[in-house]
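Same protein, same chain, two forms; see structure 1 and structure 2 below, as structure tokens.
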Structure 1
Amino acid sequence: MAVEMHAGLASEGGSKLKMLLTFVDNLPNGTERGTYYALHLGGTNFRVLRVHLNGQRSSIFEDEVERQPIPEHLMTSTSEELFDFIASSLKEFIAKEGDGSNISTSRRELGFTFSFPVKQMSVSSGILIKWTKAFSIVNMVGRDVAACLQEALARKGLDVRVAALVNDTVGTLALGHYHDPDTVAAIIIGTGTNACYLERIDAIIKCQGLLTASGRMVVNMEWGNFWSSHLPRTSYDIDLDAESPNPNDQGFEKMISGMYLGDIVRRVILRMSMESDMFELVSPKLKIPFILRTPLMAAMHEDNSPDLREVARILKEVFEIPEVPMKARKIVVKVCDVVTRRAARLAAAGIVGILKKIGRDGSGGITGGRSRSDTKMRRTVVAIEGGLYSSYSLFSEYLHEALNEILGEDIAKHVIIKVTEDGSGIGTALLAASFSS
């Protein structure tokens, strides 16, 4: 990972890791004031929120948030339909403010969390490089995402300015850093996966000449697209990739994130049921891609009942396999375990790659030179967000286990993985505040 990070920073297209500039050179510090909005278009859900800031770090006041699943048809429709839906949701949200006695009626400022790869031109503009996850709207790639939103807001008659266009990882880093200045990186492990971190501007060789006051810039790695010949790929990964909406793309994401884990498990169970008498018959439902959602896979994995009745219930409900024998239930749990453990360990290895790149993996600065435990190690916080990490306890357990194993306990105890709830939304509102006009 660290090698590919260097290559991606050296030249455009130097690596499958895009290492995108964000133009975020300063993270919010607590002095921000005012009321700001954030819209978050993620992989599965859409959120609108409003945040009040009164210039004190400890008192962010998120006074309203509305979440809804993104209607599936919008993921593949036209950009106008998608952005009209987003603008309408904001309009309804604002309408509920009534006469807004405590809300200024001057032009509203908004941060847009857009959880897809964007080549930023500035902190408030950038063009979509490609879609990921379940999105695929052809007339959108290559267009300025903030301008599309701004136009839709105008169509709805809203006087709102898009002050910041932000990847979800960057929003998470902003909120993480706001609460804890030792935060140096942020990871999302949800429907998709990605990471960003604070980099020295002189290490970003591909943007030579660009100066920032802080001498740093947040880099959006787009690690979902990471690939290395060292990564062992199974036939299930190869088939899943070939049948996905974006073949040959997002290889790391397809081994780690919530959109795919359930489907890897389905593929393994399908093969087992075809090659053994595990379930007597091969249920046709087992052949339907993405029919097994990752939350249900997690529920099977974490079934603690003595007769694994949750496993049996889900296999019946999803795949219409009746009366699964105990032996087969146990095998299904084992499959979930292997798939999740691999995902969590890959994510942990990715985190260590970032720590290595920024000299926080304990490999530099040996004081006495006797052992790794002599290493001077600064407290290092990695903000994390996403349902897969926060709702799937075995996933997070395996991730921590792997971090300890790779770094060694003496180093790992200085690395804090901190869940940053709603970071991608609130953090983006904070960035809108620090970059507002």
Structure 2
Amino acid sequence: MAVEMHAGLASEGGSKLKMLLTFVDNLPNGTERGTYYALHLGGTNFRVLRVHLNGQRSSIFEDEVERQPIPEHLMTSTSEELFDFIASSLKEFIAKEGDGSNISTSRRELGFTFSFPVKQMSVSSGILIKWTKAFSIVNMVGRDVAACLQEALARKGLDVRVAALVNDTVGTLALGHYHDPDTVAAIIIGTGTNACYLERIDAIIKCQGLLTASGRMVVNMEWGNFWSSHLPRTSYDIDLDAESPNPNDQGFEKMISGMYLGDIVRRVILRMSMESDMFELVSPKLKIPFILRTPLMAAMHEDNSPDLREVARILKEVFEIPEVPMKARKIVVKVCDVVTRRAARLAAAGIVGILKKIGRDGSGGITGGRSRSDTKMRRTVVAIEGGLYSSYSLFSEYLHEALNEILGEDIAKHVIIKVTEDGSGIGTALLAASFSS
């Protein structure tokens, strides 16, 4: 991971890791004051929220959050129609403040989380590379996303400035850093996965001559696309990848994120049932991709009833397998365990790769030649967000176990994993505060 990070920082396209520049060079530190807004467009919904900051690290007053579905026709219409709809919703949200008469008082600052691939041009501008999910607004690709929103806000008569355009992982880092200044990286591990971290500006070779006041910049790794011949790839991974909508893409994500773990388990169970008499008959439902969602897989894995009745219930409900003998139930739990443990250990190895790159793994960094013993290890916090880690206790347990194993206990005790909540909302509002004019 650390070697690929180096390659991605050296040149565009030099690695499977995109190592995108975010232009975020100062993170919130707890002294911010005022009222700020965040807008998150992540998929079929978008939401707006407002936060009040009073300059004290512990107190973020989150006023309101409003979620709204994006009408389906807008996902394929024009950029003007999509952003006019979003700007109108923001206008309504602001109008509800107080008595509604203060809609045009002072200028407001907004952070915009846009969860689609963007080539960042500055902290508050970025060009859409391509749409994903269900969006395909042709006239937007190649345009500045923040400018499209800014123009729509002006059309609606709103004095709101887009102060920061970020992805959700950077929002998570901002929120982590606001609460704890030792935070150096952020990981999202839920349906999908990504990571970002604070890098020294002189280590970003592909942007030579770029100066920042802090001498550092947040790099968005897009680590879901990481690949290495050392990854323990099986025939199940190869088949899943080949049958996916994006073959040869997001290889790391397909081994570790919530979107895919349930389907890896399904593929293993299908093969076992075809090659043995584990279940009397092979259920046709076992052949349906993604029918086993990861939360149900986790429920089977964490079933601690003596007769594993939760396992039997899920196999019956999802796959229509009526009578599952106890021996087969135990095998299913074991399969869930192997798949989850591998995912958690790979995620842990990825985290150690980042720590190695920035010299926080106790080895003095990838370029340092010092021995572990003479490097004083600093307290190092990694912010983490996403249901796979926060809701799946065996996953988080295995991740910690692997961190201890790879780093050694003496070093691992200085590395703290902290769960954050709502980096894509509150974290983005905090970035609007950091970059407010």
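Superpose the two forms; the largest set of C-alphas matching within 1.5 Å is the rigid core. Please note that residue numbering is based on structure 1, beginning with 1 at the start of its sequence. Everything quoted here is computed from the prediction, not taken from an experiment.
Q: If I had to pick the form predicted alone out of these two, would it be 1 or 2?
A: Looking at both, the form predicted alone is number 2.
Q: Return yes or no for residue 267: a CA shift of at least 2 Å between the two structures, with the rigid core superposed?
A: Shift of 2 Å or more: no.
Q: Once both forms sit on the same rigid core, is the C-alpha displacement of residue 36 at or above 2 Å between the two structures?
A: Yes; that C-alpha moves by at least 2 Å between the two structures.
Q: What turn in degrees does the smaller rigid part make against its larger partner between the two structures?
A: So the smaller rigid part is rotated by 20 degrees.
Q: Once both forms share the same rigid core frame, by what distance in Å has the CA of residue 77 shifted between the two structures?
A: For residue 77, the alpha-carbon shift amounts to 9.5 Å.
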